[in-house]
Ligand code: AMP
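First, one chain by itself in structure tokens, the form predicted on its own.
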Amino acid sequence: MSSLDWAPLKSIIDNNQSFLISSHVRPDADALGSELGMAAILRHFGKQVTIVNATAPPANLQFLNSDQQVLKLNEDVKQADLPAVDVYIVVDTSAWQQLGAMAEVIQSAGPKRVVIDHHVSSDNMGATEFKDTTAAATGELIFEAAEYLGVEFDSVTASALYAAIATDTGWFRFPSTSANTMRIGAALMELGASPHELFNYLNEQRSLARVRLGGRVLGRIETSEDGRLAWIYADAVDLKETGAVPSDTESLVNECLTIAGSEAAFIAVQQPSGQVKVSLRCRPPHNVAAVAEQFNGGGHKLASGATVGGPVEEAVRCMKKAFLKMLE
């Protein structure tokens, strides 16, 4: 169990009626599962809840949003039409930049703010924080909050939270996985989460374009420092010729760490905007969150991200230089 005191969250829920929940751009399963779990908690107490992100869930995670609870700003709901709420809740990030266009919405609205997160990187968001960097996933914290508040999830929400925790722990194999993580996973199964069905949705429903992109990108893997650092990239040409989208590169960077002797890795992916999203990974004792922060990014010590200027070649050069310094 985390050492967080959930009493202030209970007070906030008791004394307010309307809430808006948001998370980081390009929401992953932990972001979405945590949003849906938090929404279920609030609705249990009869509260009005809206979930809005700056960007839509990627195609492979749309099954988590089958009832279209999670809205995309300026597509599903215009900024001018957002409801006036008592409290904004941000989950799975503590960084303004990670919120994209929702950062301006939350900053300008000025009501009470709550942050529930497990990432190392952090901004002062002027919020009541429930943060535990030892937690394996934000979904783990949402489950603990529900336990404290006496809320039991239905099978749909339990499945979303199981997906949140399973993906952020690499299916319970990352060092962040604790006995408490496994306890929560078991509890979610008892509530109706089906691991084999979720694994199928998350890992066995890839498009042909995604598989082709993976083969192309991994085929050009490069290493340095006697194999301690490995990196790959995907540019606009790769995406166009394979018919893939940037989110199809998700998890490819992890393949770089399967190379014997590798200690760190990154993938640079060109975005439609021309910017380059970089995903960073490493093994202990290294800290890629510190590398990401050099580029106004952040995340976990072993898994972080940043968005930098293009072109891809320049992004790779700058990132390689930062990684080599880290490996020194």
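Keep in mind the model is a prediction, meaning the values are calculated, not measured. Counting begins at 1, following the sequence as shown.
Separately, the form predicted in complex with adenosine monophosphate (AMP) exists; it is not shown, and the next lines address it.
Though the partner is left out of this view, residue 306 does reach within 4.5 Å of adenosine monophosphate (AMP) in the model of the complex, counting heavy atoms only. In the model of the complex, residue 278 approaches adenosine monophosphate (AMP) with a heavy atom inside 4.5 Å. Of the heavy atoms in residue 298, some are within 4.5 Å of adenosine monophosphate (AMP) in the model of the complex.
Residue contact with adenosine monophosphate (AMP) in the model of the complex: residue 98 places a heavy atom within 4.5 Å of it. Shown without its partner, this chain lists 113, 210, 119, 228 as candidates; in the model of the complex, only 119 has a non-hydrogen atom within 4.5 angstroms of adenosine monophosphate (AMP). Per the 4.5 Å heavy atom criterion, adenosine monophosphate (AMP) in the model of the complex is contacted by stretch 90-98, the sole one of 73-81, 90-98, 220-228, 191-199.
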